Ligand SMILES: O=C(O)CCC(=O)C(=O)O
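Consider the single chain below, provided in C-alpha cells and representing the form predicted alone.
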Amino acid sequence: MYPGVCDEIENYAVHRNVTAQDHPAILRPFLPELAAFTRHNHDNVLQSVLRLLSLSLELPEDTLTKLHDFEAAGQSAISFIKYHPRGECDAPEGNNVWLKGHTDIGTVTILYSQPIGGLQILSKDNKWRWIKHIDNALVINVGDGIEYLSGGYYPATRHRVIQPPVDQRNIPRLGVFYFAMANDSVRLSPLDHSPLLQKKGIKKYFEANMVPTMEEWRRERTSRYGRSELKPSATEERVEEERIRGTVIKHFN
C-alpha cells in the first residue's frame, strides 16, 4: 500500500475446486457448503453473465462459457476479505485508501453487496462514485480478461476501496467475492469473429507474438504487484503506469 500505513486487510481465498488446497482445521467441516457455494457462483451467476456478454457481442451464447470450464485448469476462486477499521499507525499519505484504484486480473468479479461502504468506481467523467448497497444484490465487475477478449468494447471496471463514511468507520467491512478467470490456456486476444466488434472496431492490446494466456497474465500481474516501478502518467493526473507485454496497466491514486 503506502509507506507507514498498516496492513489492515485479511484475505482467505478458496480455489473453485475446494479440495485443490489444504485448509485450516476450523474450516474443514464447512467444505461441502463452500463447494456448493462455489458451484452456484460459477454455474448460476458467472455463466449467466457470460452468456449475456456473448449475445451482446452477437456471438453464440456459449462462446465465453466454453472459455470458463469448471473442470479445466484455472484459478477462479471464492475470496473472503475483511477490512479492519483504520488504526492510529496510519500515515497521512494513506489518504483513507484501503486499496487504490485498479482493475481486476481475471474476467468477471462477482461481489455480494455489502452494507458497509467502501467500494467506488471511476466513472466516465473521471470522478469516483460510491456503489450503493442493495439487499440481496450482486455487483458485477469485468476485469482485464473481458476487456482484452472484447477488443476494448467492455473496458475493465476501474475501482478502489476507501474508508467508509464516518458513521461506519468503527465497523469491520466483510466481503465475499467470486473472482472468475478464463481457463489457463485461453489466449487473451480479441474475439474478432464478433459481428459487433467488426462493426464497432477492435482494439488490440498485444502484438501477435506477445498475446498472453490467462495463466501467463495472472502470473505476470501478481508477481509484479507492489514490486514494479510505476511511472506517473504523462496524460492523466494521479495515475501511475506500468507496462506488461507492451500494454499499459494503470494504477489510480
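A residue's number is simply how far along the shown sequence it sits, counting from 1. Nothing here was measured: the structure is a model prediction, and the numbers come from that model.
One more form of this protein should be noted, the form predicted in complex with the named molecule, which is absent from this view; the next part is about it.
Exercise for the section: Please name which of the stretches 144 to 152, 121 to 129, 173 to 181, 68 to 76 has residues with heavy atoms lying within 4.5 Å of the named molecule in the predicted bound form. Expected result: After filtering at 4.5 Å, what remains is 173 to 181.
Practice task
Verify the contact flag for Arg86: yes if a non-hydrogen atom of it lies within 4.5 Å of a non-hydrogen atom of the named molecule in the predicted bound form, no if not.
Solution key: No, Arg86 stays farther than 4.5 Å from the named molecule in the predicted bound form.
Practice task
Find out whether any non-hydrogen atom of Val97 is located within 4.5 angstroms of the named molecule in the predicted bound form, and reply yes or no.
Solution key: Heavy-atom contact with the named molecule at 4.5 Å: absent for Val97.
Practice task
Would you check, heavy atoms only and a 4.5 Å threshold, whether Arg169 touches the named molecule in the predicted bound form?
Solution key: Result no; Arg169 lies far from the named molecule in the predicted bound form.
Exercise for the section: Spell out, yes or no, whether the shortest heavy atom distance between Ile81 and the named molecule in the predicted bound form is within 4.5 Å. Expected result: Flag for Ile81 set to yes.
Problem - Sequence-ordered list of residues in 96 to 121 near the named molecule in the predicted bound form, where near means a heavy atom within 4.5 Å - result: Contacting residues: Leu99, His102, Asp104, Leu111, Leu119.
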